[in-house]
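Quick heads-up: it's one chain on its own, the form predicted alone, in C-alpha cells.
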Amino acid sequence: MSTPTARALEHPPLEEIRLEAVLHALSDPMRLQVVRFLADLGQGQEAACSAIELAVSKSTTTHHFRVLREAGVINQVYRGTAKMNALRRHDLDALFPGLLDTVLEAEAAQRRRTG
C-alpha cells in the first residue's frame, strides 16, 4: 500500500483486496447500510459521509467507513472539505463475480422478512 499524504487516503490496490476482508466489512449492519446506499446511487456515483445517516456516533461512523475503505469495498477521496465515497463495484465484481449483488439481494430479502 502506498503511504497516504495529509489529504490522501490509503486504499488497497486491486491485487491486494482479500475475500475475507470484504466479507468482514460486509458483515456489519451499519457497513452494509453504507454499501446499500452507495449501490443505490449507481456505478461511479459518490456521496459525502454526511449524506449517509447511521444511527451511531461520529467516531463509530468514521470507523465503519475506514473498515470499508481498507477492505477495498469503497473508495474515499477528499473534495474540498467533504470526504466523498464511492462503491468499488467494478473491482469487487472483477475479483468476486456476483458476490456484491448476492449480498445486497440477501440483505434486501432479510429486510423484507424482518420488517
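The model shown is predicted, which means the values in this text are computed figures rather than measured ones. So that there is no doubt, residue numbering starts at 1 and follows the sequence shown.
One more form of this protein exists, namely the form predicted together with the DNA; it is left out here, but the text below deals with it.
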| item | value |
| --- | --- |
| Contact label in the predicted bound form: V56 to the DNA, heavy atom within 4.5 Å | yes |
| Interface membership of R88, the DNA in the predicted bound form, 4.5 Å heavy atom rule | no |
| Touches the DNA in the predicted bound form: F37 (any heavy atom, 4.5 Å) | no |
| Q33, heavy atom within 4.5 angstroms of the DNA in the predicted bound form | no |
| Residues of stretch 7-37 in contact with the DNA in the predicted bound form (4.5 Å, non-hydrogen atom) | R7, H24, D28, M30, R31 |
